[in-house]
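First, one chain by itself: the form predicted on its own, in structure tokens.
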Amino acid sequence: MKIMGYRRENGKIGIRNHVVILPTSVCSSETAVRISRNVEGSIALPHQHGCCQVGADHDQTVRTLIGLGSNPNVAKVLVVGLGCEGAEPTYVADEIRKTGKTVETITIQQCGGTLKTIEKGTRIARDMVQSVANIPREEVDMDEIVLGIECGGTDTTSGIAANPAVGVSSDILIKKGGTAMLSETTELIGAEHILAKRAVNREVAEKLIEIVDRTEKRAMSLGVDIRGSQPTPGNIEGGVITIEEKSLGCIYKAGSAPIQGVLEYAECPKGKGFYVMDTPGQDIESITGMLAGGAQIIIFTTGRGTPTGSPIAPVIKITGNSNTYNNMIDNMDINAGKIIDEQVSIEDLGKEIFEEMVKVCNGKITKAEALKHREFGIYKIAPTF
């Protein structure tokens, strides 16, 4: 199946054409934001990390920054560093540059302070935006699409309508040669043994069980039994009263395809098909992990409603609750509540979602994009030192 996308230097396919201003630490985030404000068409990704992190936590932040810059939806990157942070700017830029795309690097200390960095960065970003503006879309294959699947603000309709329909659309994409990934490890708790039966081999099944166990132990190290803190108060108010209920509804988003592998946060899939990524249940951090893992498009189900978007990928918002759809129609793209209210089949709604996904890949703007919802956050796994 063909769509119209942007073919990148490394053969990957973008469905958006962003110029990203990428700070490597919290110390350079404000400067990156000010550069982006000066240049229409550029997007800054400010965050709170990049320095005084150690071990796996440091590695994860660096991997995430590299992955975000490498995402196929990003045409060019300006890396903005302070100059002395742990997430070394030239290393991040060099790793992104391996994709073949243009990457420039500036540091505040070398430029001589905030104003000089903003001035230099603005000129670079302006040139980048002008140079990517005329890149034409071309006919490319849908099998290059990596779909990230997310849910948030769950209620009872999520597991009954929206999530199963998304599972159908995921299956359609995979049958056409594409890739999809499920995230939110906390929302696999109590259902991991069911999902693990779909693993392609024992190693993948054991890794799936391991990430759930690891998540529970991490919470226990803080003196918290996560099974007692989930579902959230909002989930319970929406009729989902146990973590097992929430998880059993959540995994419907995974469709029926075999699980090819289990990814660490911000890790790219090694092949095509269906994957699970170890992310927190926190929506923003979870989506960021999938973007860094190469997802060009996100499908987001929500029973109670949330406006969450993304800075570099379109987010299609789907609710299984018709009341939420009507109440938040400015944010919702598809009403899967038709499955409950109008007896539309799950299969037909899944096809509707897939057709919408194709339109968005071809350039249709989602409501989250139109409203400039660009929520962004990197998952941190350890204290800062």
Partner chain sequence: MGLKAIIANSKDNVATAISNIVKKEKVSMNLEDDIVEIVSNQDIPFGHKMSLKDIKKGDDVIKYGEVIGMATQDINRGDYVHIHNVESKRGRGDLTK
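Given the structure is predicted, the values throughout are model-derived calculations rather than measurements. Residue numbers count along the first chain shown, from 1.
Absent from the display: the form predicted together with its partner chain. The rest refers to it.
Engineer: Select, from the options 108-116, 124-132, 215-223, 265-273, the stretch whose residues sit within 4.5 angstroms of its partner chain in the model of the complex by heavy atom distance.
Structural biologist: Partner-contacting stretch among the options: 215-223.
Engineer: With a 4.5 Å heavy atom cut-off, would you call residue 137 a contact of its partner chain in the model of the complex?
Structural biologist: No, residue 137 is distant from the partner.
Engineer: Can you tell me if residue 178 lies within 4.5 angstroms of its partner chain in the model of the complex, counting non-hydrogen atoms only?
Structural biologist: No, residue 178 stays farther than 4.5 Å from its partner chain in the model of the complex.
Engineer: Contact between residue 239 and its partner chain in the model of the complex at 4.5 Å, heavy atoms?
Structural biologist: Taking the distances in the model of the complex, the answer for residue 239 is yes, it comes within 4.5 Å of its partner chain.
Engineer: Does any part of residue 159 reach within 4.5 Å of its partner chain in the model of the complex? Heavy atoms only, please.
Structural biologist: Yes, residue 159 sits close enough to its partner chain in the model of the complex that at least one of its heavy atoms falls within 4.5 Å.
Engineer: Just to confirm, with a 4.5 Å cut-off on non-hydrogen atoms, which of 153, 280, 190, 261 contacts its partner chain in the model of the complex?
Structural biologist: Partner contact (heavy atom, 4.5 Å) among the options: 190.
Engineer: Which of these residues, 244, 143, 95, 210, gets a heavy atom within 4.5 Å of its partner chain in the model of the complex?
Structural biologist: Result of the distance check: 244.
Engineer: Judged by heavy atoms and a 4.5 Å cut-off, are 194, 248 and 321 together in contact with its partner chain in the model of the complex?
Structural biologist: All of them do, each having a heavy atom within 4.5 Å of the partner.
Engineer: Across 352-385, which residues bring a heavy atom to within 4.5 Å of its partner chain in the model of the complex?
Structural biologist: Residues within 4.5 Å: none.
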